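We begin with a single chain expressed as structure tokens, specifically the form predicted on its own.
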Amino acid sequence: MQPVAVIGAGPYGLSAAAHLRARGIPVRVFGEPMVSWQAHMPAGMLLKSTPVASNIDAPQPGHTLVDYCDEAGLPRLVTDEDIIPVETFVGYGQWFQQKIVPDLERVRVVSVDGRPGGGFELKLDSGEQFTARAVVVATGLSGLSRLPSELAAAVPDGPSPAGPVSHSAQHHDLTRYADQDLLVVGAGQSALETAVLAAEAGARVRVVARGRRSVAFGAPPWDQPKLRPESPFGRAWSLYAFSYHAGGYRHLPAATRHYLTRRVLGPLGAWWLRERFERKVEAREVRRIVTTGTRDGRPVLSLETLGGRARELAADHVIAATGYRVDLAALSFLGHGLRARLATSRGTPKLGAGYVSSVPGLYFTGMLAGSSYGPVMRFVCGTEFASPRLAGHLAAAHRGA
């Protein structure tokens, strides 16, 4: 029987593979386990999500974050006040992989093309070619980092830690900026925590928050509203609906879906970061960044202040913590023929029930499914909703074929 190919070995890829295998479906999984978390997050980072929102879903018990902590001899992470070091989460994902997907193939998928009679032809960077009956794309944030045009003007060859402007996804070791002037653009958790970690490593850091993205921090668990339903992200009716009823999200109008995917659970620092930030980092809130240039090799931001005045900020380096944008054009391994057949909405795949795309047998999960299934797809806890439904749909489709 031809296998199902799962491309990506982060939380969503590993969870999808676990559920497919539990249904007796042969699976081949490709990628480096937890590579985005290990290589593209700053050392010393702490997860914003609580322990209950950080479990990778599996169809069998015994594979939660607490199970990993118990087996590894680490302190149990249970309550909303327990904060998860990124190193612990990477270890958890790798442990999950070793338990459930021990035959993970650490090779890169070079191309995926449709076959005339159905199924897909895949080519690996090892030179192997094989046929799969279905493909699950779970590549996470890879290749999706977003650099606004007003920052990109300074780096025509693309962002780089060695150049004037980089993206936060390009940094693991922030000690390289010790004794340097650093500007961090953004107001979300990535921006605020990157700024704090760089400042604690010896940099002089200013955060530039644009437009309505003022620097703010969430309420600690003990200050959450008591008379609203609980969700992995806090107490609110909207968060409850997005977390537990994501299936209805794809039926909303396209403009509404894209707006909510961007804005719900938007820029907000974790409650535990506030004190460290206020002690070490200066915040500048501006109306907009007009453009970015260089002077004597140093980046210079031309700004419009909240009062409408022009101003410049110079530094040794700018880190753009400006998030990610799903764009199928970034998934270069998908053949042109496949991409031409995919129904899309603003560059994102339009998905039906079970996370299937308009191409039968081609599935997308995780962040790539956000515009169809909502903001919960940006978080690990979304595996609990996505993986069993994807596996169920795929199994049913092939029983009926």
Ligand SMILES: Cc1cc2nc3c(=O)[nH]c(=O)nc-3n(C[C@H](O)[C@H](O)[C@H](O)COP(=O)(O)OP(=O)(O)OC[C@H]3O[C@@H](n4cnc5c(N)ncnc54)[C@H](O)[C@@H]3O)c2cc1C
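For clarity, every value in this text was computed on a predicted model and none was experimentally measured. One rule holds for the numbers: they count along the sequence shown, beginning at 1.
FYI, the form predicted together with the named molecule isn't displayed, but the following is about it.
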Could you tell me which one of Ala138, Leu174, Val196, Ala187 places a heavy atom within 4.5 Å of the named molecule in the model of the complex?
-> Ala138
is_contact(Leu74, the named molecule) in the model of the complex, heavy atom dist at most 4.5 Å | no
4.5 angstroms heavy atom contact with the named molecule in the model of the complex for Ala153 | no
Report yes if any heavy atom of Val66 sits within 4.5 Å of a heavy atom of the named molecule in the model of the complex; otherwise report no.
-> no
Would Lys48 show up as a contact with the named molecule in the model of the complex if we use heavy atoms at 4.5 Å?
-> yes
Using a 4.5 Å heavy atom cut-off, indicate which stretch of 297-305, 138-146, 245-253, 280-288 touches the named molecule in the model of the complex.
-> 138-146
